[in-house]
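Before any questions on how it binds or moves, here is one chain, the form predicted alone, in structure tokens.
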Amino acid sequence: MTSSVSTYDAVIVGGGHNGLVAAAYLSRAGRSVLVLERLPGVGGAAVSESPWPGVAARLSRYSYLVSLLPERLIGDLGLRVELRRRRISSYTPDPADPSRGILVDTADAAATARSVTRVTGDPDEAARYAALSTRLAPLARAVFPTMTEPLPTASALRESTGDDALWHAVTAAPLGTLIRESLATDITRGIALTDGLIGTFATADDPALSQNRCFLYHVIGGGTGYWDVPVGGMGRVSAELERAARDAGAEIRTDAAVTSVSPDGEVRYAGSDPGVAHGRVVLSGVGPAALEHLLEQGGAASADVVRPEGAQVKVNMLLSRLPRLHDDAVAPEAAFAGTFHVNETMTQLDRAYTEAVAGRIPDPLPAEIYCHSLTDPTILGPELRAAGAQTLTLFGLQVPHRLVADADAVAARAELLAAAQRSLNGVLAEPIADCILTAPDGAPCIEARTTADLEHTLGMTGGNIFHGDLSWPWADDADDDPARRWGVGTRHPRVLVCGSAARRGGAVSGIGGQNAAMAALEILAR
């Protein structure tokens, strides 16, 4: 049985971080808001969890870094979060000779230059790498401030960057062209290209430019492109957003799985306390394919929606200590403090794509590693910290969902985990297995989360972390319709997108939720 219909100004489908942002903004504006979350807790992918019983480690199990969360949003909602910047940008061991690697130290340009020269043998490559970053900076400064405003036009942004050639290189030509014209070596080209392939299945020269859009979102974060570590893990960010929403008056129901949405705002949900709610507007934090299914269940005509495909595997580890490197010139505490690139030269990244298209897990698997506990030790319990334990997160690239979609889940995890370990072992001075902590029950503290796991656990269709292809964060022309002007519209006027599928969604930013709230307030004021 269901309860009687309750009416709200806004009903939000999904209590991920964007849904919580929207709820907080709308409630602070005096609007009645109901958030419906299928899982027992809110946060979606932005959560901290303890995967191993009896082990006092709170890991950012899914999403793991913050780049696009605007200071303005933090201030507007009064969020008590601390974001720490990492001094080391990246370390990249040379796959051909792991006894040397490129360490990019944001506080020591001279040391970075020596590192690049040592690995590439080209005394001018470090200057080229720095010049590319310098050239991209005006683009970041022009685009990022517009992310929490109505969509700017492409022409206005192009003019504000002051570099028409760069605008064309980023938005009209495949990213590989810009990278090859800017950098001369395969290893530095790979360092640049990885920013275009996080969760995106593409080559450097893909004419669809999905790698370009992903690259743009990475380099504009915060107006600087820096990626920060939230103290307390991603769960701290979501906990603060939940607090802000509840303090403002939002009603949040967990264990409430939405079963249908009608275009006129009726939302039905199941769970321990099923019911029906009606929203003057409905904000969707789920992906387009999931939303379309809910709309069909609510009586809307069916529409063709492209099923998105994720392209990554995430491996969470807890180590008794950091592994040794072949490179005696770099301490592990420095190498693992930033982004540790594993088998990610430009050639390797493109070859991995070709292997995946052929139906094989890439070998070696391109991957990036982060040690969050070096930046934020609070995610570990006192005993683990005293013993020198560290977390390690590996994010494998070029692993499309098609490789695991129809496979046995346990076998797929095991195969990808083995591939990740083989790749990592190829650049370390000892097997990573020798450093993995053992839980009280005897199990090794290591797990793989595949795209199938994301689909099953978090409801992300195809395991796509962006809910689909990223969009350019601008419009071709100005628009008077609130939903389209803010980049959150659907084919139904009263149904808005507030999650990663929004025009400027993707990553842990809250931008999709903020923009949907702004559009909803305009609609509700009419």
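Just count from 1 along the sequence shown to find any residue number. These numbers come from a predicted model, not from an experiment.
The protein also exists as the form predicted together with a small molecule; that form is not presented, and the subsequent description refers to it.
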Single option in Tyr353, Tyr91, Phe395, Phe144 placed near the small molecule in the model of the complex, where near means a heavy atom within 4.5 Å: Phe395
Answer option from Phe336, Phe201, Phe215, Trp227, heavy atom within 4.5 Å of the small molecule in the model of the complex: Trp227
Please pick out the stretch from 63-71, 24-32, 480-488, 50-58 that is in contact with the small molecule in the model of the complex, where contact means heavy atoms within 4.5 Å. 63-71
Would Ala452 count as a contact of the small molecule in the model of the complex, using a 4.5 angstroms cut-off between non-hydrogen atoms? no
In the model of the complex, does Arg38 have a heavy atom within 4.5 Å of the small molecule? yes
With heavy atoms only and a cut-off of 4.5 Å, decide whether Ala10 touches the small molecule in the model of the complex. no
Taking any heavy atom pair closer than or equal to 4.5 Å as contact, tell me whether Ala46 reaches the small molecule in the model of the complex. yes
